[in-house]
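Only one chain is given next, in structure tokens, and it is the form predicted on its own.
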Amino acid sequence: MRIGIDLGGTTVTAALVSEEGKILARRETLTRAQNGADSIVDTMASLALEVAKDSPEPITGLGVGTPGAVDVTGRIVVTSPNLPFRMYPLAGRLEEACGMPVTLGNDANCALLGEVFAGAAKGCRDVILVTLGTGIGGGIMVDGKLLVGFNGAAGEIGHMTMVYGGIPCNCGRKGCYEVYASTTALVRMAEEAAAEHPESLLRRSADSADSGMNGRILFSAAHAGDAAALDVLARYEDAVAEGASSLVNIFEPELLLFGGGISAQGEYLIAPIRDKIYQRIYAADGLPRTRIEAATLGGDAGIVGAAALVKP
């Protein structure tokens, strides 16, 4: 039996995970990053010890998926954008606090591991996961091994350049993939379209919502056939496909997965993106093409993948 922890900037979740990748019990609480790194360790240790009480068997180890760069030993968080970790020995500190062996991994890599362990990529050895969320994250697996780079920071899919000198990105560069293909980008495009088309259902729906424009409003209007919403969606699909086709052309994975909350749209979103990627890749005629699918584990992928870090 293993424990997986999904550490986020807002919440931290610990779960008891079987050897088959099934979640048997879980606990969740606020991260409270403002209280400092040691406080986060105490929170994770408390959750892990609580969830361990539900295990009918001994715990073999604890895996943690954390935002940011993890060193190649799986022991130290080199840096994390939304957490107070800088060259922080998280694995060692957590082992001291909870008495279990600990292994660390980047959260996006853990999501990929989860899909390989018990999700849509089970049995695959060459896989890329692209997570479409507030930003764009992802993981790359080549011949059954995660591509982590010599410093542990490889796989920053969201920050490959899409448009030279393009829209500024929060990373400090311009024209990054996530500026054009994240859900944040989708909402921005929907807001611009609503402003240009005051007669549209998209605009009326946003005006009547307390929270303003969001992805749910955009997809609802698109499903209803609203022209402005459908145009936004078509342009967004182009942006997603443009970056993803470069990944396919470089790595030629057996499987390309799209994760993140937006993947809940399933084939409604994935099918047109798949078609547009196939128009852009260099696959030879007569040979199998990369399969392109939605991830299946949803928010559980990171937890299951963190548990998969634990060696049997």
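When you see a residue number, it is the position in the sequence shown, counting from 1. Given the structure is predicted, the values throughout are model-derived calculations rather than measurements.
Below, we turn to the form predicted together with another copy of the chain, even though it does not appear here.
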Note: another copy of the chain not shown here; in the predicted complex, the stretch from 106 to 114, 93 to 101, 202 to 210, 172 to 180 having heavy atoms within 4.5 Å of it is 172 to 180
Is another copy of the chain in the predicted complex near all of M160, R235 and L247, within 4.5 Å of a heavy atom of each? yes
Selected contact from I167, L147, A224, A227, since only one has a non-hydrogen atom within 4.5 angstroms of another copy of the chain in the predicted complex: L147
Tell me, which of V187, C124, A239, L83 has a heavy atom within 4.5 angstroms of another copy of the chain in the predicted complex? A239
Report yes if any heavy atom of A69 sits within 4.5 Å of a heavy atom of another copy of the chain in the predicted complex; otherwise report no. yes
Using 4.5 Å between non-hydrogen atoms, is A195 touching another copy of the chain in the predicted complex? no
Is T73 one of the residues lying within 4.5 Å of another copy of the chain in the predicted complex, judged by heavy atom distances? no
Any non-hydrogen atom of T134 within 4.5 angstroms of another copy of the chain in the predicted complex: no
Taking heavy atoms and a 4.5 Å limit, what residues of 70 to 89 are near another copy of the chain in the predicted complex? V78, T79, R86
